[in-house]
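Below you will find one chain, with nothing else, as structure tokens; this is the form predicted alone, and questions on how it binds or moves follow later.
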């Protein structure tokens, strides 16, 4: 056990370091391949790019990023622009994540009290929603808002940004829709599994209601499984964040990261680190806390 703990203590920094090296090598990959009449591997140019990136990383504050059309771009210093855009874009992502977690837990809780036939119909609708492409749902919502505005002269939400304008509500709702469908399905699956365990019958025999048993006892165990779905949900929402920024014309972090990926590899590397490092810390602390909590439960039981 001691060796295993020692391995984890050593393994985490190694994992972190290897991922950072991988991101560094990946950031310069745009110069590795070139196409003229055929695909050519430009190894010399790739190594030169990595060397330039290493030199620029010694003074990251002096990096200038180019945003916009290659024929009509604008130049900005990386600081404070990156931090401002990161704050806005990831506030959208985090608020959408909390909205998805709260909504999916409430919806799945209510599903547990539906009659069997209505439950199956609702679950199929949920399954259909989960299978739809994200872009289709977002465009449909935008078209509905435009149609509603034309009919009533009431603008429900802003669907497009101009300049440095910031919008929150509709991008957060659109970003949360797919995670809600994904999480609700998994909550229901886990709740049905937990419902067949003996402790549920024991709870009913003690006189506790179904509402209390589902919310207190079943959900307590389901939330443990929820942690294991956070990473795929985060990756899903991160890819959707770029789509949201493009469709709503949001001048956000992912949009800028897409721009600098081709013309400023060192800025792209810094941007990737800004995404990776906070979430590495959060997931690592979450895993340690969950492990301690579970071991504490085992001891107490």
Partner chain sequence: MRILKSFRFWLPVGFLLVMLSASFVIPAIYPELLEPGPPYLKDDSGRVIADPPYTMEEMPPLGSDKLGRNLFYLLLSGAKYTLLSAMVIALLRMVGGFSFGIVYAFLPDWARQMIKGVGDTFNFIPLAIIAFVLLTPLQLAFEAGAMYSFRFLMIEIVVIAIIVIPSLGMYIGEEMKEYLKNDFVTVSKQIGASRYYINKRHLRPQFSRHALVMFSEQISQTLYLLIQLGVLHICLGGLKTEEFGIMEHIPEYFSYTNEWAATMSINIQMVFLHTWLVLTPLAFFAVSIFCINEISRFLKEVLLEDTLPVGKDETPSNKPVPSSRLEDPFTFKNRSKEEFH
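Residue numbers count along the first chain shown, from 1. Owing to the predicted nature of the structure, the values given are computational and were not obtained by experimental measurement.
What comes next is about the form predicted in complex with its partner chain, which is not displayed.
The three marked residues, 107, 180 and 200, fail to reach its partner chain in the model of the complex, with no heavy atom of any inside 4.5 Å. In the model of the complex, its partner chain lies within 4.5 Å of some heavy atom of residue 239. Under a 4.5 angstroms non-hydrogen atom cutoff, its partner chain in the model of the complex lacks residue 58 among its neighbouring residues.
Proximity of residue 190 to its partner chain in the model of the complex falls within the 4.5 Å heavy atom cutoff. Interface membership of residue 220, defined by any non-hydrogen atom within 4.5 Å of its partner chain in the model of the complex, is ruled out.
Partner contact region in the model of the complex: 128 to 136, out of 81 to 89, 128 to 136, 200 to 208, 96 to 104, criterion any non-hydrogen atom within 4.5 Å of its partner chain. With the partner removed from view, the residue among 216, 146, 118, 169 that has a non-hydrogen atom within 4.5 Å of its partner chain in the model of the complex turns out to be 146. Checking 227, 73, 212, 113 against its partner chain in the model of the complex, a heavy atom within 4.5 Å turns up for just one residue: 227.
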